[in-house]
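In the block that follows, a single chain appears as structure tokens, in the form predicted alone.
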């Protein structure tokens, strides 16, 4: 297997890294502490570079390289996360480009023509909206339901919680891919997946006060008699659960890329500091208690990056021809990445704070900002740490390793 990036991929990587270094790193702290939002001019610059179009075909205004969409996606998010350690902008971007893939593959032509060009230009936000107040991983037990089918649309009632981008979608435009029940008596086999515009009449939202990612809103939606046209369906009616699971594998890839990009940058910050800081007559890096720990972190980071590269390649191959890739291999590969990448991101930031001593507990370093932002993906977003282990247990050892069926971890 050839792991060499093509000249085009390498050029793209360098382009995004330069943008992240020059445009994002200098304003990361302001995004997190002062602005509490991503400036429009930054979104516009990213759109001009083509970042929001890397998973969208040219016919919808994008610049996707056919068959390499996920490889470009994980590279992009990895580089952005190095520059904006609070995770606000990387998460905003990974949602837009990740769920665009699902829309390319499963949306109606009418919906693609309406939505995707506006995602490419940065005008609209696109996210995912499945978690409910009762939990996020047990999607078999969602309560949001189509209370009426008019023939051309559904009338939706329900509530979603812990959703990224509720304010951005409402203020900027766009919406979220949402799971709801069209035949509640069938459980998850009666669920449908569709795009919900954030400005649909009857929709209201609230926001939460998170510990990190302050530049990107998190909150919930309430749907009260919201009419959703059937042109917004993703996949087929009553088969939305399976489309949603396909989307989560893509999402876990770009989430892992964000966590690993942040970890890489934090490790570089720690290496620079421990080389310069002299105690007891020698640099901190010369103490094996520190250097060995950093070596362990670097080695595990490199291994996870290779696993993520494999996962991105598998998803690209599956999109070309589903019959040639075992879906369970994608499941467990992405579960491995999503399980351990956030844990690594938090651990590397925490270790770096300890190397810095009292200085590490201040906001004069970006390490605490990275820890707060990455923690969101350790506790649950796109599937929590323990849920990923349930997926791996099921797909390695069989259904006996699964304590319950029909949830987010089900087929």
Partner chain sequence: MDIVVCMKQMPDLQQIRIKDRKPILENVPLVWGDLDKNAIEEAALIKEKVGEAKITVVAKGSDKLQQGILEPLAMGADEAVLLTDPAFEGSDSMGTAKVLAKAIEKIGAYDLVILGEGSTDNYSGLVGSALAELLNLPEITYVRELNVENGKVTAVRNMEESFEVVEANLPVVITVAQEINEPRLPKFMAIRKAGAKPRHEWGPADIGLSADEVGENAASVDMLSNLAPEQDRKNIILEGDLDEKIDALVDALIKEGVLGR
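Numbering follows the first chain given and starts at 1. Bear in mind the structure is a predicted one, so any value in this text is a computation, not a measurement.
As for the form predicted together with the partner chain, it is not shown, yet the points below apply to it.
S.K.: Exactly one residue in 369, 346, 54, 381 has a non-hydrogen atom within 4.5 Å of the partner chain in the predicted bound form; which is it?
M.R.: Filtering the options by heavy-atom distance leaves 54.
S.K.: State the residue from 27, 353, 375, 63 whose non-hydrogen atoms include one within 4.5 Å of the partner chain in the predicted bound form.
M.R.: Selected option: 63.
S.K.: May I ask you to state whether residue 399 is within 4.5 Å of the partner chain in the predicted bound form, using heavy atom distances?
M.R.: The answer is no: residue 399 has no heavy atom within 4.5 Å of the partner chain.
S.K.: With the partner left out here, check for me: in the predicted bound form, does some heavy atom of residue 42 sit within 4.5 Å of the partner chain?
M.R.: Flag for residue 42 set to no.
S.K.: With the partner left out here, check for me: in the predicted bound form, does some heavy atom of residue 72 sit within 4.5 Å of the partner chain?
M.R.: Yes, residue 72 is a contact residue.
S.K.: Give a yes or no for residue 48: in the predicted bound form, does one of its heavy atoms lie within 4.5 Å of a heavy atom belonging to the partner chain?
M.R.: Although the partner chain is absent here, residue 48 would touch it in the predicted bound form, with heavy atoms inside 4.5 Å.
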